[in-house]
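The chain below stands alone and is given in structure tokens; this is the form predicted on its own.
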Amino acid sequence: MNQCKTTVIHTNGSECGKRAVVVIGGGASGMFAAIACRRAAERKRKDCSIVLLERNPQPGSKIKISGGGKCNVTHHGTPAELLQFGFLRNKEQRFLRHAIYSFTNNNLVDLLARGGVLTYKRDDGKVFPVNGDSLSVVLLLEKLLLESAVHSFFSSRVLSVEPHKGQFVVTTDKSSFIADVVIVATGGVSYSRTGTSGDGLQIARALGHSIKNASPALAPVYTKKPFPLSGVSLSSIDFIALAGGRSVARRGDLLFTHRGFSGPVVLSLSRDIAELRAMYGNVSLFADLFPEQSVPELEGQLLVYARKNGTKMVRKSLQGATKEDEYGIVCNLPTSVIPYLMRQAGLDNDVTWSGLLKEKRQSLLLALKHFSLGNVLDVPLDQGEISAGGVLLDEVNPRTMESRLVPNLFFCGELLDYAGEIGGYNLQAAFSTGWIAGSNAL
């Protein structure tokens, strides 16, 4: 191999007259880091070689499966709104602020549009390609890598990164590279079939960085005794987890599965549930089926409804009530859930409202506001759309993504210790942090 001709391997910064940048990871953040690095080099009139190393046969594995293959690339809103609603922990908001403001969702949409991938916003704020095909996004990024003269090596797993005479020796399972700058963008540890097995975390630890152990995020929740209601859903409920006297909750839609629960509200709360389980062991799950009403308000509605509908069976009212109900029992629970609700309330299936004495009414009230969903068995790390944990944010400069410990070492994407909500926030963070890392690599 002619080293200066290919600009892939060189031993010092002047041998080919170029700075060598090695990007480890060909996902969203890695590809954006490489593209942004070339644009920064052109803007600064600096000569550099850029190598991208990806352990998979092709880049963008997680992009391809995101949004069910339709690729929820980002979320609509201002940068402030993306931070507020997409990243619920203050420390993570502060860390991502510069990146999200510097490379915004509008910048992303414009970049995609210039490459021929048009996007649209759904009513819920999620942004997708118009053609509904995640592959179109990956193909565009591959094209931009080629246009940026990035030397991409696939099926190349990085084994180690070692400092050497002011540079780095990057060793793969096939060859070695000398780099002046290394950008680590290997992702977290969820969905290991896409190649995210934690290699980057091992590299960061070997270079002196502290790592917060990976934990599930945006994952399903498995329970010890799942309800036999797979496919049934509850809409707009409060999903509550309780352990050690602490409780956490989110509002949204829940889906019963054959192993427990999924759906947007479950995915959103899964990170907190996993943390509670790690701290306390047993975690109990509940649903508030009437989250808009306080206990006294709901009790008042039940009393009014009972006076007007004394001969009507309670279970019929609960499964048939609609938002237009004259007396305010706004629930409309799936019919298949009613027997479990009645059982938890200790009510006979044929009890009428007139037969609902105070004690039984209180039991029903408790079941409606605190419907027991069982105890957590597991929050599977590998089933999460992302993983929490990673390189500690305190050890990375949020304005550049450069390590505070090792000069010319950068981190970006899911490898960092943040985790966003469902809805395109995590891909946006990967694109933004990758862009910042690449822009500051020279």
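Residue numbers here begin at 1 and follow the sequence given. As the structure is a prediction and not an experimental result, all values here were calculated from the model.
Not pictured, yet referred to below: the form predicted together with a small molecule.
Residue contact check for Ala28: one or more of its heavy atoms lie within 4.5 Å of the small molecule in the predicted complex.
The closest heavy atom approach of Leu405 to the small molecule in the predicted complex falls outside 4.5 Å.
In the predicted complex, no heavy atom of Gly260 sits within 4.5 Å of the small molecule. Within 4.5 Å of any heavy atom of the small molecule in the predicted complex lies no heavy atom of Pro216. With the partner omitted here, the residue from Asp199, Asp272, Asp238, Glu92 that has a non-hydrogen atom within 4.5 angstroms of the small molecule in the predicted complex is Asp199.
Only one of Asn72, Ser152, Asn309, Gln167 lies close to the small molecule in the predicted complex, with a heavy atom inside 4.5 Å, and it is Asn72.
Judged by heavy atoms within 4.5 Å of the small molecule in the predicted complex, the contact stretch among the candidates 392-400, 39-47, 55-63, 373-381 is 55-63.
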